[in-house]
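The chain that follows stands alone, in the form predicted on its own, written as structure tokens.
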Amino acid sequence: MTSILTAPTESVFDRIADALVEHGYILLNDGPDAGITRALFDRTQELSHAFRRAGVGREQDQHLNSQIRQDEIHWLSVNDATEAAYLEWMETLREAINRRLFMGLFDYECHFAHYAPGAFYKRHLDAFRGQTNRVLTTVYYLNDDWKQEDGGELLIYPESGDEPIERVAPQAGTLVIFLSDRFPHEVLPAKADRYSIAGWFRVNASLGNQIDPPR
């Protein structure tokens, strides 16, 4: 599977790092190539029976709440070649960001997300400052030929305020990266099945790594 994976260029990494410093987020259209994107979508179809309802909260506090989120998820693993290719791309990104911004990103975790027609995820933060080791969020979309009338946009909000600063259509090949504790966001209901990969770069809190991401 690595044979269909296009290696990111240093200029792509530079743009990501610059955007994180200046804005705290970036919308990218030259991430993993079309081959791996299609293979990842096909993988979601193979795994349709394995998706499970996503919970709210972390670890012991996690619970199901259909009033907040209605997506189904399946965690990626290196045991599958297609999933491993995507994880390899993200590992390359992790190393590149650390070289440029010294964020101390330690590892990466991610899951497929399936939103059935009408499903949503209400406005939320992926991390609360000083209370988690998730510091950088990624969302990668897998939906070919997504139409504007299909809905399902990702809304990204400023730290304070109710007007979104970005409305992102979940079109295949779009990669969104943002600081986890800085941008509330939500997923609007869609009229079609919506597939993505949501992931988080983490610092190793057990080692006392308290590096502050760029603001």
Ligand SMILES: O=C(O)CCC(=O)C(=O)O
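Position 1 is the first residue in the sequence shown; the rest follow in order. Bear in mind that the values here come from a model prediction, so they are computed numbers and not experimental data.
There is another form of this protein, the form predicted together with the ligand, and it is not shown here; the text below is about that form.
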| property | result |
| --- | --- |
| Any non-hydrogen atom of W200 within 4.5 angstroms of the ligand in the model of the complex | yes |
| Residue contact check: E83 to the ligand in the model of the complex, 4.5 Å heavy atom | no |
| Exercise: C110 in contact with the ligand in the model of the complex, heavy atom 4.5 Å | no |
| I177: touches the ligand in the model of the complex, heavy atom cutoff 4.5 angstroms | no |
| Region of this chain that lies against the ligand in the model of the complex, out of 102-110, 133-141, 89-97, 74-82 [heavy atom, 4.5 Å] | 133-141 |
| Candidate spot Y121, V187 and S196, all three touching the ligand in the model of the complex (heavy atom, 4.5 Å) | yes |
